[in-house]
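Presented below, as structure tokens, is a lone chain in the form predicted on its own.
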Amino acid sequence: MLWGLFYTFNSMKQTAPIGIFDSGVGGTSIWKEIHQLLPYEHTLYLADSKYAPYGNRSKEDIVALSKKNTEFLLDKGCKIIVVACNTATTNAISILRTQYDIPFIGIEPAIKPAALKTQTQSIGILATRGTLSSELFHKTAETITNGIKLTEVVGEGLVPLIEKGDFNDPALKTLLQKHLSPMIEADIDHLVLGCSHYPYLVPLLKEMLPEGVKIIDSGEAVARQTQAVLKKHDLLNPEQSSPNLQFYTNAELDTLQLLLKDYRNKVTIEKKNF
């Protein structure tokens, strides 16, 4: 009888959704990688766009917002939570792991692969102020980039423009060019994207950066880590059927609908107050 109860409980956990949250719509770049690798997993994405960007907020604010998002996803029965936000990961994930009994996957700037592959011994990182000023980022950077020039640039103003979804906005291009200038002057050969919003800028970045500069983001690595943790905890969904792909936002739906247009017949997008 006890085994039967355990089996039923475990089966319920396996078919529960993967929870994902970000300070806005940018984490959908992470969601796409997770969905591609784990196409039968139910997912529940939370876009906290009302409070974006997190990068300019205090650590206390970031922790409080991350707890709010976590509790929303827990209330929806999620089996694992992906913090698809560099700023929330570097400032809050250690606290979340001590306070909630659920596996958490974080996202950090992929400095290590850039440092291992650089030929010019110069790499750039474009990230939010909250990520670049965090203790976790500095510890990671000091460990990995010994002898390598690291040009750190705060992507001030980029997240609000990306949240609008207009990637042809001249203001976005002008601002991005300003942020890239010190990296180009430093002769970088790898650019690390330290915010889950920034992968949506890759087409523009390729236009503006010198030929040969490699652009690195963490999306694929986060998806692989999510898969590994689900396997470790026996939480992979054994069912091979159409998944429920739910998105919630506390702002307007337009940008989410734009970024998910290729999935329009598969996803559900709702506006909620949270």
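Numbers for residues come from their place in the sequence shown, where the first is 1. All values derive from a computational prediction rather than experimental measurement.
This protein has a second form, the form predicted in complex with a small molecule, left out of what is shown; the following refers to that one.
- Partner contact region in the model of the complex: 79-87, out of 116-124, 140-148, 79-87, 165-173, criterion any non-hydrogen atom within 4.5 Å of the small molecule.
- The small molecule is not shown here, but in the model of the complex it comes within 4.5 Å of a heavy atom of residue 53.
- Contact between residue 92 and the small molecule in the model of the complex is not found at the 4.5 Å heavy atom cutoff.
- Contact annotation: residue 192 falls outside 4.5 Å of the small molecule in the model of the complex, judged by heavy atom distances.
- Interface membership of residue 111, defined by any non-hydrogen atom within 4.5 Å of the small molecule in the model of the complex, is ruled out.
- Scanning 159, 188, 105, 201 against the small molecule in the model of the complex with a 4.5 Å heavy atom cut-off leaves one residue, 159.
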